[in-house]
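The chain below stands alone, shown as structure tokens; this is the form predicted alone.
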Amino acid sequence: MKSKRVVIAGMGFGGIRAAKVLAGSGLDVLLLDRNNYHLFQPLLYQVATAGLEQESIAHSVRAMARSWSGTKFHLGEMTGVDFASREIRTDTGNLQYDYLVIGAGSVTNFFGLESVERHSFDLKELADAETLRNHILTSFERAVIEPDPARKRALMTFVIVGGGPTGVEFAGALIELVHFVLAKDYPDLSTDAARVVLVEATDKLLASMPEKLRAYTLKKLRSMSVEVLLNARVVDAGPERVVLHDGAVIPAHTLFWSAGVKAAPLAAVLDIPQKAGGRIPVEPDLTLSGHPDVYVIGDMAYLEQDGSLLPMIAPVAMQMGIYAGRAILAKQAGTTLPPFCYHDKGSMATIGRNAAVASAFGMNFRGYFAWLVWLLLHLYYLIGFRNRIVVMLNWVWYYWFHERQVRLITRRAGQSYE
């Protein structure tokens, strides 16, 4: 008898976990993604700030599938589903399924600010990190030869929007890059004039953290010379300026946006009513209403637990992926699982060298110990032994020598390889 086919669309944190559960189960598992690699998004900002090579935070899906029995990879982008005929539409043809797991993730949410979207950078794809690194380094190269002091300072001004973990971590890494590395690379520049401005719309950074850790984060960033603007919103942007809600203008050539995400565009074409952020409502077992063979996991899934909406973060996606895989195996065995329940193991964010905050298991950590835990956990969750070694060596090198080895401009402004 022919094995039933499970198609997992999206090789993010959730998709990878689902695939691991289903591998070797006797099912025909097909992995689908528009990229041929799994990307460890939490470290994208370190690629953008010249700390890590792009390849060290990505791992070939085919290499993983090779060691997972009954698993194959298909390179393509899912564009729709015919639920009646159990057929997925992709840009490379149609695929049949018996079970479908959709984990296409999220994209940056600019909340309708077209000028901001046009003139800002974000970090969702591997290419985004390289583009941003090129831009940061090119800005300093331009500043070296810029005769106008005002434009010179604007070239060295970086506005970061969003006081969540990504914004905080990027701000800390960028100010350290400027002060400890670029200050030595550009002796003709007064890098003390460089500005890193972190803009947050609410009155606090890291909103999900306890008050003491939020206060520590704010104090630490400001001690590192990061300008933190609370209760401030960016409403407009241009190539050389950023405009705040009160009319204040920050002369800056770089705007980085990390103020929110929304479900991937795929959610809009599934012909299913969407909830806040474009997310798709799911049943307690993560299936679509009326489609018990279709699971939606990760950032695309809208599910409330204990009266609160589950956040769009990697730990939720990983636990959903594991659950979806086990639920499919249970159906094959003629049994069912209890409803999905997310177990919050805590959250953490690194601020800079020897400084991080963590809240886990009812305990709060900050400073060196939290930083060490952050390092070890990120190494643990990285996929690929080589990647772990390369990332660890880069971190050790930077820790002892305050050097970042990936200070390469791999594409000049306006250059195209097409």
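In this text, residue numbers run from 1 along the sequence as written. In this text, all values refer to a predicted model and were calculated from it rather than measured experimentally.
Only in words, not in the display: the form predicted together with another copy of the chain, which the text now covers.
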query: Interface stretch in the model of the complex with another copy of the chain - options 137-145, 294-302, 107-115, 334-342, non-hydrogen atom within 4.5 Å; finding: 137-145
query: Non-hydrogen atom within 4.5 Å of another copy of the chain in the model of the complex for each of Lys20, Ser25 and Arg214; finding: no
query: Heavy atom within 4.5 Å of another copy of the chain in the model of the complex - the one residue of Val373, Ala355, Val390, Leu43 that qualifies; finding: Val390
query: The unique member of Asp246, Asp188, Asp82, Asp203 whose heavy atoms fall within 4.5 Å of another copy of the chain in the model of the complex; finding: Asp188
query: Exercise: Asn364 in contact with another copy of the chain in the model of the complex, heavy atom 4.5 Å; finding: no
query: Partner contact for Lys4 in the model of the complex: another copy of the chain, 4.5 angstroms, heavy atom; finding: no
query: Thr287, heavy atom within 4.5 angstroms of another copy of the chain in the model of the complex; finding: no
query: 4.5 angstroms heavy atom contact with another copy of the chain in the model of the complex for Arg279; finding: no
query: Contacts with another copy of the chain in the model of the complex - residues in 71-107 whose heavy atoms fall within 4.5 Å; finding: Lys72, Phe73, His74, Leu75, Thr92
